[in-house]
Structure formats: structure tokens, C-alpha cells
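Coming up is one lone chain in C-alpha cells, specifically the form predicted on its own.
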Amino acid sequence: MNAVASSMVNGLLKVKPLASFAKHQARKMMIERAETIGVYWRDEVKALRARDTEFAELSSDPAALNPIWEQALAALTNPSVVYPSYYKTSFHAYEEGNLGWLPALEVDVAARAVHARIWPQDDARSGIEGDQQLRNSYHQVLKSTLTAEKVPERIIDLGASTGRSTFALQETFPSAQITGVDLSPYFLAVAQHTEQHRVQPLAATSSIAWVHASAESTGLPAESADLVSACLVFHELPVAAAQDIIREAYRLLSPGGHFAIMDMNPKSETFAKMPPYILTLLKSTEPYLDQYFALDMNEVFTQAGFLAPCIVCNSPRHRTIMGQKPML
């Protein structure tokens, strides 16, 4: 990322009215992009709010929320969870960050809109299937490494969000026991609802366990996983939280297990050549992007105890980082 442009953008975003305008524009651009590729953002979110056709028919208000959502939220929420200060900031143009219904109901359509243009327009992977293709590219890297050694039987998905990454792991490793961990109970409520209405892989041996906890302190048993995955999480973290999560992943893994991260690639030409206006919109929705781009993953992984990680580009602007916990 161009240092001069980045510094200029940071200065602009310190002016609150400009920051608010940038967030508004970023959100507007995402919704418009979604509609142009056939992801009908407003209609999908309206249907998700209603949860079922009966509620949708009874309610004339498109913003009405089915009360079942609040029941699901209460059932999933861990009252002992303490939200770290970095997590309570604004993310993705939502003032409530990840702790609210609107971001939880919109994250799925947003992912499909944002990832629609990862590959060039003439590439078959571009467009409405871009998000799925991105996840496929990540899992191809996982399979090429893991199945050559041992197929993981226990997987923990850190920052599971509304389940897109978790479901992709289940499709890739259907015989594994999978746990999805997220700090937002709103996201987990949507994930659980989606799981109940999706077709699971035929070979899936168990349902997914959803856990409301922070990724840096999951409360899960030590050495309880063969694979820990964090998909599109680390660009949303300050350095201290990223370091804590990598240490927690090390604790969770059995000897010989792997920790895999898939996220933005700071060395991608996409970010290096990004126009200042687009960079402003991006940074207005990602408050810790500078810290993520400056983080030396090789150093942090080895400091946590992992063997030197393998870093592979899996899309024009994403990379996969895999570190192994040494055998005893």
C-alpha cells in the first residue's frame, strides 16, 4: 500500500464528517455492486429478518424483526463474555460494529458483493460466485497440505461469523467434528439458522457446534483440534489481538496440528495500486488495516512456537498462511 496515499487517507479519516461520509459511500457502493451482479441485497435481508413466510405476510414493515431472532440470540449468548475494546468500534460502516442485527443480517450479501471482482471480469471465477471461488482457493491449499499428512478430524473455525467459512470447512472435510467460534452472538444466531436450512454434505457426521467466545480466549480444551482456521479475520485485528489469537491457536492444537489463516495479501498489486478514493472507502470500514498490513506473520508465528509458516497466494489479493505445531 502506497505510504504517502495511506498517510493522506488516515489524515482525512480523522475528520469525523469525512469519515462518516466515507462509510456511507462504502456501504452504498457495496449495495449497488451486489444488485448489479444478481445479489439482491435488500430483498435477501428482508427475507432473513422475517425468517419465515408467515411472519413476512403478517408484517408490512420490511425492517421488522421476527421475535424468534431474539430468542435464538439469548440461547447462544455467553453472559460471561467480556468484549475487548477494539471489538466495540465501528466496522464495515456499522456504528455498532459486529454487535447488532443489521451487520449480522447483511454480512452474507456483503461478502458476495465484495468478493465479486477479485478475479478479472473475463475470468470464470469472477462475478456472483467470486466469494465461493475465494473460499475454494483457500481450501485447495488446505487439502494439498493436510490430506498428504492426515485428514483433520477436529476443526475449530475462529471468527466464524455467520458460518460461510465454517460451512466451507464442513464441505471440504465432511467427516470432521467442527466448532465455529465467534465473538458476536448476533452472527452466531444467523449461522445457526442458516445451518438448519442448508443441505449438509452427505458424508457429514455431526452438526456444527457454535461457541460464543473471543478467538484469543475461547475456553475450549487445550490440544482439542487438528486444524484451527481463521478466514478473513486478521485484517480486523490490532496487533496485540492478532498475537493473542495465534498463541491461542497454538494452545488449541494437538502436536503436529496446523493453524491456517486466509486473508488479504499486503503485497498484492491490488492494494499497492489502489486509487486514493477507493483506499479511503476501504480504510473507513477497516480500522485496523494498517496494523494488519505491517504485521510480520513469520515472526509472530515462530514467536508463538510454530514452525516457520508456509505462505501461498490463493487469489490476486489474498494469501494463505499455514503454520504447524511441532510434534512432541
Ligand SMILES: C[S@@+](CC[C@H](N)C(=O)[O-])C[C@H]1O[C@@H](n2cnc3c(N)ncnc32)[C@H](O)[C@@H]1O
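Treat the numbers as computed from the prediction; the structure is a model and nothing was measured. We number the residues from 1 along the sequence you see.
One more form of this protein exists, namely the form predicted in complex with the named molecule; it is left out here, but the text below deals with it.
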Of 190 to 198, 85 to 93, 120 to 128, 71 to 79, which is the one stretch near the named molecule in the model of the complex, taking non-hydrogen atoms within 4.5 angstroms as near? 85 to 93
Heavy atom within 4.5 Å of the named molecule in the model of the complex: which of 142, 208, 183, 114 fits that? Just give me the one. 183
Among 176, 110, 105, 232, which has at least one heavy atom within 4.5 Å of the named molecule in the model of the complex? 232
Applying a 4.5 Å heavy atom distance criterion, does residue 98 contact the named molecule in the model of the complex? yes
So in the model of the complex, does any heavy atom of residue 164 sit within 4.5 Å of the named molecule? yes
Test of understanding: in the model of the complex, would residue 159 fall inside 4.5 Å of the named molecule by heavy atoms? yes
Since only the chain is shown here, I'm wondering whether residue 248 would be in contact with the named molecule in the model of the complex (any heavy atom pair within 4.5 Å). no
